[in-house]
Every structure is written in structure tokens, then in C-alpha cells.
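Starting off, we have a lone chain in the form predicted alone, written out as C-alpha cells.
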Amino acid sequence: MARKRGRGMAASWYGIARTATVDRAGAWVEIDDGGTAKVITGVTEIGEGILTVLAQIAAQEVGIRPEDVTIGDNDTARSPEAAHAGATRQTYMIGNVVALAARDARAKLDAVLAKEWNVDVGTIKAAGGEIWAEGTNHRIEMSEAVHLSKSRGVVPLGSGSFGTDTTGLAADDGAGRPWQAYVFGGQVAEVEVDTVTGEVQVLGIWAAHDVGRAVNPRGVEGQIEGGIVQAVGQALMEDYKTEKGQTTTPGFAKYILPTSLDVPKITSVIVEDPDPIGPLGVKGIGEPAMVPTIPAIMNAIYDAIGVRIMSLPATPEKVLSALREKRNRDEERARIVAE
């Protein structure tokens, strides 16, 4: 059995949020009795961890603990629109708008305290459920601050709206501003190719990605790892087929997905290059994580055995066929040289 190893790399860029159209989102944030906060926005959690991220953002902006933040009903009949869960837009669009709404709520609370304490509003800070005026002895619990604000007739309720300054693409040359924020990434893949069976095993992926400001680094690593596993499946085994409009791969017996045995060792490197436009400096990482994986794997296969796989997935049959064609070409060249 002949096993050969190779390494390949690839780089990528990706536009965040809706493509060639204006994106937008809205949110409400109220600093509530007990020093807690509630966030109302039409966000949809599909497993990417956005609710955790929003709780962290609201907590940081209000000055309380994430566990004291409640994310409310996402029914857009009763909450501001947040648009769809896709286009790697959740942290960028909803995260930014929640930050703006939380800042609006804090501004109303801070104005009451500044007047009550006779201090400049810019000196008021909050963290961990306490709020104080720098350079003074004024320091109270957030719950007391909310009670004081409401006793003065002010409910610390904030709203926010965040949109992108983007355009469509010109019909003649495709010019325009399709995205407002961009992320960049690079990956290196190491593979082992069995030249007898054609099987390709991905041994490791090293992935460095610009995500803007990383709100939840562990969540970012999870997104990178999930994207890579999905891309490994697309690169080597997932092959959806149809015949006369009907699928011929209706179940997982024929449509092969990666299992835990197929997952390589993944090393994630988070690069924080803050977005200069949004209030938080965040961008996104979801779909971008899988963009460079496939070309890195294909380059690694080439490095290992000297053949290019030009269609996906790179199944053992395709690898063996490419090796046979390479041997035939090599034999023909040798024959020509000998003559």
C-alpha cells in the first residue's frame, strides 16, 4: 500500500451581509427592574450561537452580566425586523443594532443619574451590575439606578437601527458596492492519499481568519471548525445526484456525510481586524470559514500525487482515474523521448 502525503494552501475573501442590496435590522433594549435587561429583535437562532453573542453584547453595553440579559420573542409581528439568518450577517447586523439600542437605553439612564448626582454624564460608567461616577463616591447597584430613573418618570428603554450603505451591480460591467464589510482568511491542509484505493484522508487543517472583533472567541472557533467539517464533506464525499428530476441519493446510505472519523485536527487562528464602520467593529465568520478549505485540500492532493481533481467530490474513483491518466501521459512522454 502506497500512501503519500501532501500539503496545500488557499486564501479567500468574503462579503458580509446581503449581496448588492441594502441590509437592515432593528432592536429594542430595556434596562429593567432588578438591574436586568431585555432585548427584543426578530433574530432567528439556527445553531450558530447568536443569542449568546447578543446577550454578551447587551451585557457589555449596559454594564451587567450576560446571565442577566433576556432575549425576547422574535416574532416580527411584535418585535423589530432583523431579517433572515444567513449571509454571515447575524453578528454584523443584529449585534451592531443591539449595541446601538443598548447604548440608547444607557444614555437615558445616565442622563437621570448625571442630573441626580450633579456630575458630567461622561463620567458615568457601569460594569458587573454596578454603576458609578468616576472621581466621586457615587456608586449604586444597577437595580437601584433603574428604580431611581423610573421614580423620575424615565423608563430606560432604547431603540436602534443599523443598515448598510451598499448598491446593486451595474448591468454592463458589474460595478457597484455589493458589500459594506469584508473578511479574509487563509488555510493550509495536510492530506494522505492511498494510491492503491484512491482514498483521501485529511490529517489537519490550519485556519487563520479575520473576523473583525471577536465577541465570543470560543464561538468563533466553533464556527470555523464547523465550516471546515462541512467543506471536507463537500470536497471528498457529498455527491447529490438526480435523474429526470428525481433524487437518486435520497438517504445517508448513498449521500455520504463526514463522521467523527473523517474530522481532521483543526487549528484555528483568530485575526481581529475591526470593521471601521459598525459601532462594535465586528464582522462575521460562518460561511467564510469553508471557502478556502476545498481548494486547500485539492492543492494538497496535487502536492501528494501530482494530479488535479477538477470536479467535486474528489472520490476514490476520481483519484484513481486521475492517477491512471497521469501514468498513461508519463508513459507516452517516456516513449516519445526514447524514440
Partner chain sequence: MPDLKIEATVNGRKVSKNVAPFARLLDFVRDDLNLTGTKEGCGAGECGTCSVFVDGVLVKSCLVPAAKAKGAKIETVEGLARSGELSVLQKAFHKTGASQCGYCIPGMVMAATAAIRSNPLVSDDEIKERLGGNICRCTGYSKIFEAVELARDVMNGARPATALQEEEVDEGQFIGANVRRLDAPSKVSGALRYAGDTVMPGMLHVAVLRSPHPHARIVSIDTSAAEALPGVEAVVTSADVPGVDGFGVFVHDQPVMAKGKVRYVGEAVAAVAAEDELTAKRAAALIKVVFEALPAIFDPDEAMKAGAPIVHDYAPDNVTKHIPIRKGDVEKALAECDLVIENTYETQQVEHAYLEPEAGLAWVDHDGVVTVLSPSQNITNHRHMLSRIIAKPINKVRFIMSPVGGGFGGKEDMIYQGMLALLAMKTGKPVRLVFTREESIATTAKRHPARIHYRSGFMRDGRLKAIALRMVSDGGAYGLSTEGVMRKAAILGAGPYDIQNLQVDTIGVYTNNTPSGAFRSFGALQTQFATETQMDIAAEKLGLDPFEIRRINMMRNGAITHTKQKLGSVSIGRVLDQLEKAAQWEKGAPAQRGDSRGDLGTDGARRACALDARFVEAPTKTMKSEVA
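Numbering follows the first chain given and starts at 1. This is a predicted model, so every value here is computed, not measured.
There is another form of the same protein, the form predicted together with its partner chain; it is not shown, and what comes next is about it.
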Check G72, T136 and G278: does every one of them have a heavy atom within 4.5 Å of its partner chain in the predicted complex?
-> no
With heavy atoms only and a cut-off of 4.5 Å, decide whether E30 touches its partner chain in the predicted complex.
-> no
Any chance Q223 has a heavy atom within 4.5 Å of its partner chain in the predicted complex?
-> yes
State yes or no: in the predicted complex, is some non-hydrogen atom of V39 no more than 4.5 angstroms from a non-hydrogen atom of its partner chain?
-> no
Going by a heavy atom distance of 4.5 Å, is S161 a contact of its partner chain in the predicted complex?
-> no
Would you mind picking the one in A214, L100, L113, V146 that has a heavy atom within 4.5 Å of its partner chain in the predicted complex?
-> A214
Taking only heavy atoms into account, state which residues of 38-57 are within 4.5 Å of its partner chain in the predicted complex, ordered by sequence.
-> G42, V43, T44, E45, I46, G47, E48, G49, L51, T52, A55, Q56, I57
